[in-house]
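Taking the form predicted alone, here's one chain by itself in structure tokens.
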């Protein structure tokens, strides 16, 4: 039985790190031992190493056997790949568009520039687009890999035993049904936001050149990062909510309540941001530090930036409050229709 034990151990080594690995190994060992015993009885002789070799050769290579126990040996499988490509195109296009605008703003604000300086700004802009796209791809792949393993297959693929009916194309969607791509897109963007604010905040800044040296004015102040842990909690809660919706396939009263709680928490965070110190560092003084920047323009832009930041926060809080009211109304309608 030594070969069988080694064979089972080799299969187990190639299995994914799942909770049921030991159970699979025990089941496989028992199956092989029973097959070996049955083969020995039929041949009328005692099981030996040669018989083990013959049995294991017929059973197959450990890698092939291990693959039968892992239904998802790929990162993003066929059922999710079309949606993966669609989301990837949307996110990469958005990232490219956003980074292109940032580069264009740098070119305009830093003009006049020499030819080499212009090429340097454009080159760095292209590198930023590539690096941001790679980071976005990684976040999207991570999200889809998790969905591939934990989301029900029935949400993305027609049951093979179920006969497809063209009449289903005429059926209107239920009010509480969700569109899976919307939840996935939301999860992807939240991952990107978390990665930027927590690990790459230097991306959010004003780049300018003094002499031959590039300098950066960070846009976000210490006041913003003081409340970042609470924002992270809200973002993670949003990811959990979208995950719940993907699993359920529709809005339920429990998910509505969870969504309302998240939005209330977001309004509380917004209140702290609005009433506390400014969350941005763009002021007339910081803009005047940029060589060649007009003092009057710096005063106007600094004032607009400070007032605009608070205005955006207030607007987001207002829209979030409206969403809460809508969610409450939908929840009561759903409850009365049950």
Partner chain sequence: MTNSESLDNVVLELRRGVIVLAVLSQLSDEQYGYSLLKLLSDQGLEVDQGTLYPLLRRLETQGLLESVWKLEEARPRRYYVISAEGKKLLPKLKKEWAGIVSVMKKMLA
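Note that the structure is predicted; figures quoted are calculated from it, not measured. Positions refer to the first chain, counted from 1. So that the term is clear: the rigid core is the largest set of C-alpha atoms that superpose within 1.5 Å between two forms.
Below: the form predicted in complex with its partner chain, not depicted.
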Exercise for the section: Please pick, from 68, 57, 63, 303, the one residue with any non-hydrogen atom lying within 4.5 angstroms of its partner chain in the model of the complex. Expected result: 68
Fill in the blank from the handout: Assert contact residue (its partner chain, in the model of the complex, non-hydrogen atom within 4.5 Å, options 296, 48, 37, 285) equals 37
Fill in the blank from the handout: Of the candidate stretches 5-13, 324-332, 311-319, 21-29, the one with residues having heavy atoms within 4.5 Å of its partner chain in the model of the complex is 21-29
Problem - Partner contact for residue 33 in the model of the complex: its partner chain, 4.5 angstroms, heavy atom - result: yes
Exercise for the section: Align on the rigid core first; then say whether the Cα of residue 308 has moved by at least 2 Å between this form and the one not shown. Expected result: no
Handout entry: Cα displacement of residue 323 between this form and the one not shown reaching 2 Å, rigid core superposed
Key = no
Practice task
Determine whether the C-alpha of residue 56 shifts by 2 Å or more between this form and the one not shown once the rigid core is superposed.
Solution key: yes
